[in-house]
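Just the one chain here, laid out as structure tokens, in the form predicted on its own.
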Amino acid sequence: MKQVLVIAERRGAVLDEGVFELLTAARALAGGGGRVAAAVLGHGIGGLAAELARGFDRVFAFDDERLAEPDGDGDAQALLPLLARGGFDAVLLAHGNLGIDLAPGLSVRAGMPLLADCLELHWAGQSLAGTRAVYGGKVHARVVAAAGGTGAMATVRGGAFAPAGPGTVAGEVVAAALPAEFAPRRRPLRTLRPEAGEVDITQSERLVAVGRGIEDEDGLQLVRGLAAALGADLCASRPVVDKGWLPRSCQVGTSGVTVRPKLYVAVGISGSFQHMGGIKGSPFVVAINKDRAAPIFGVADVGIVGDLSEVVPALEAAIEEQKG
């Protein structure tokens, strides 16, 4: 039986939704008869612990005012005794701000090899193995943690796993104490919040994506209208982001973010494996491209061959007409 621990990330008083993606990964790794646990750190987190207990078998709640602000160094100090005595075969974190800050130092202190930014996880014998993108997403590398008796740690890219549904587990909540020598060495000065209007596309159900085929920013404005008509969020392939037309947070692909929409409209996107590798969950794909040989048509449910300057306004008008 495998024992897997998920370190939950929170945004203020709310759990990051990525923790339920990690729950899916943890359940798969634990297998039948295995157990999955979660650790959550903060101040006044009783409600968060209870929420986690509906999906995890056990929840370790580190509730202390000194943990009010997430801090990789202080959180590592708090978690180290749990990892030392817990006997976990795998420890999972989201590959986000906290995971990037926390995982490297914690893995060294705990003596656990770290697999970073994984798109997939499985067991290779008794060792944790995963798949990660390297060389800017041009190559998918299979990596295996060194064998040992301390387990292994992994950070997981957002969207790589489908989030677990509503839990029915009546998990146990354990009040976890900080070690007596706990002494944070860093003091947070301020927290920078995303600007109003920024969208987390990993949570979007409808996306309209733009690629190098739009040619200029005028094409981008056309596509914005289509996205508004569909009630969709805008995203892009790497060339559009490299030109500075959209922020890096909008980039979909193995070198960007992973998304799981229900509808994906690709405008001027060729459909390279680097881009398509960031799309999970079998969405309904609509492709618009003037190149009838573009690879995107091989995976599209609906393909439209034509110039976007003609197709996109016509499609937007038809949608608005249907909406009445």
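Values in this document were obtained by computation on a predicted structure and should not be read as measured data. Counting begins at 1, following the sequence as shown. Take the two forms, find the largest set of C-alpha atoms that superpose within 1.5 Å, and that set is the rigid core.
The following text describes the form predicted in complex with a small molecule, which does not appear among the structures shown.
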Stretch in contact in the model of the complex with the small molecule, which is absent here, among 84 to 92, 97 to 105, 173 to 181, 199 to 207 (heavy atoms within 4.5 Å): 97 to 105
Contact residue in the model of the complex, from 15, 308, 300, 315 (heavy atom within 4.5 Å of the small molecule): 308
Answer key: of 158, 239, 74, 113, within 4.5 Å of the small molecule in the model of the complex (heavy atoms) is 239
Although the partner isn't part of this model, could you tell me whether residue 215 comes within 4.5 Å of the small molecule in the model of the complex, counting any heavy atom of the residue? yes
Classify residue 256 as contacting or not contacting the small molecule in the model of the complex by the rule of any non-hydrogen atom within 4.5 angstroms, answering yes or no. yes
Quick one: does residue 283 come within 4.5 Å of the small molecule in the model of the complex, counting heavy atoms only? no
Evaluate residue 271 for contact with the small molecule in the model of the complex, applying a 4.5 angstroms cut-off between non-hydrogen atoms, and reply yes or no. yes
Would you tell me if residue 62 moves between this form and the one not shown by 2 Å or more at its C-alpha, with the rigid core held superposed? no
Once everything's superposed on the core, is residue 222 shifted 2 Å or more at the Cα between this form and the one not shown? yes
So that I can tell if residue 312 moves, could you say whether its C-alpha shifts by at least 2 Å between this form and the one not shown after the core superposition? yes
In the model of the complex, the Cα separation between residue 15 and residue 256 changes by 3 Å or more relative to the shown form; did it shrink or grow? closer
Classify the change in Cα distance between residue 123 and residue 253 in the model of the complex as closer or farther, relative to the shown form (magnitude of 3 Å or more). farther
